[in-house]
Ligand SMILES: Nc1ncnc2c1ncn2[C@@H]1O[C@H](COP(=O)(O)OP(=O)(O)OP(=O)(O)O)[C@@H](O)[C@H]1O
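Next up: just one chain, as structure tokens, the form predicted on its own.
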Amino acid sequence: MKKLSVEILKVENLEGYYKGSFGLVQAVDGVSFSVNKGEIVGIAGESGCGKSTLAELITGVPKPLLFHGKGQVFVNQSPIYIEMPQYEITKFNRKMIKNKVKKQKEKVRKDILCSEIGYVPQASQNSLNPVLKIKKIIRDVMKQRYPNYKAGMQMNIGGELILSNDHIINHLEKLGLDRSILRKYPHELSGGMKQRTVVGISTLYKPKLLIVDEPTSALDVTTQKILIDTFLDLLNQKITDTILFISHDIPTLAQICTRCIIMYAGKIIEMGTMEEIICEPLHPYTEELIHSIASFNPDGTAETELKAITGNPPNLREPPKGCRFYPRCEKRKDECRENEPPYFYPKGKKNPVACWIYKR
């Protein structure tokens, strides 16, 4: 009997933009996808394609200058954004709307971010306060969910009552970290240990979804492998159910991900299994990404010729009206210049691709 899939993350027509003195940048534009329990899904693309912005929007508490435009995110069927009624904003109701949004953000930060979503941001090694010992950093995190937190108190972790001290030590040891790190400052840890410490803090409450943004970018190859094994252990030990792994490094994604989503200029252009993305890319942009991967034979000779993607991504202050990859695409057609491509399902393929060359 086939096991039913349990949907952990669902993103529906999500839009997000940056707004400041530089103008308005539509960084995420109409993104929709879902992730099931047990999956490790990769999100890939060039720098500036919207990967990290998408991750922040999914958490529900984006940083200043980044705003949620429209669309919804569901984590374990819980909505992240409140549905605001469509009415005119006046000086009489502006304060009420502001308070309502503030309360929702506080609820997301305390409840959903603690128990439903774990988030390891880009350059997360720098997120550890350099003047605090690790135990003090963890204590501050605990107080976010338990305002009256004290060392040794009982906590409900995944439906199980556990003493906080025991839970913290056992959890860190599962990640290959000795309890002695609790007495250390961040600068006393290696890069890999700092990264695993951040992962440990992000998964203290056994979140159903763990989002990791470029976790291996500042690490050497050996430490990268250790960290990838750590993420697999998180799933095997049921510390988390699902992982959304964001990276521009497709070979790293190939080591851990079951599926992959390709983004370009704020949009999803292709989805598929990791094997399909690497061996049978459909979108011209995905093909170019794969061709830019260095691959060498044991004797040091190149297995394939490296090919750079010509041109630059479009300016998202004024996105082009047709296909956003049109100016750089070697397979472009006249239709691509004027009309944005919908999703097509090429014959024999289960996954969609946004490209006019597959129009029947």
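Because the structure is a prediction, the values reported are computed rather than measured. Residue indices: 1-based, along the sequence shown.
Absent from the display: the form predicted in complex with the named molecule. The rest refers to it.
> Name the stretch, out of 331-339, 49-57, 318-326, 30-38, where some heavy atom lies within 4.5 Å of the named molecule in the predicted complex.
Of the stretches listed, the one contacting the partner is 49-57.
> Name the single residue among Q122, S78, N165, T230 that comes within 4.5 Å of the named molecule in the predicted complex, judging by heavy atoms.
Checked against the cut-off, the match is Q122.
> Given that the partner is absent here, does Y345 sit within 4.5 Å of the named molecule in the predicted complex, heavy atoms only?
Although the named molecule is absent here, Y345 would stay clear of it in the predicted complex, with no heavy atoms inside 4.5 Å.
> Can E214 be called a contact residue for the named molecule in the predicted complex at 4.5 Å between heavy atoms?
Close contact exists here: in the predicted complex, E214 approaches the named molecule to within 4.5 Å, heavy atoms only.
> Do V11 and the named molecule share at least one heavy atom pair within 4.5 Å in the predicted complex?
V11 lies outside the contact set for the named molecule.
> Would A354, W356 and Y358 all count as contacting the named molecule in the predicted complex, using a 4.5 Å heavy atom cut-off?
Not one of the three qualifies.
> For the stretch 219-246, which residues lie within 4.5 Å of the named molecule in the predicted complex by non-hydrogen atom distance?
Nothing in the stretch sits within 4.5 Å of the partner.
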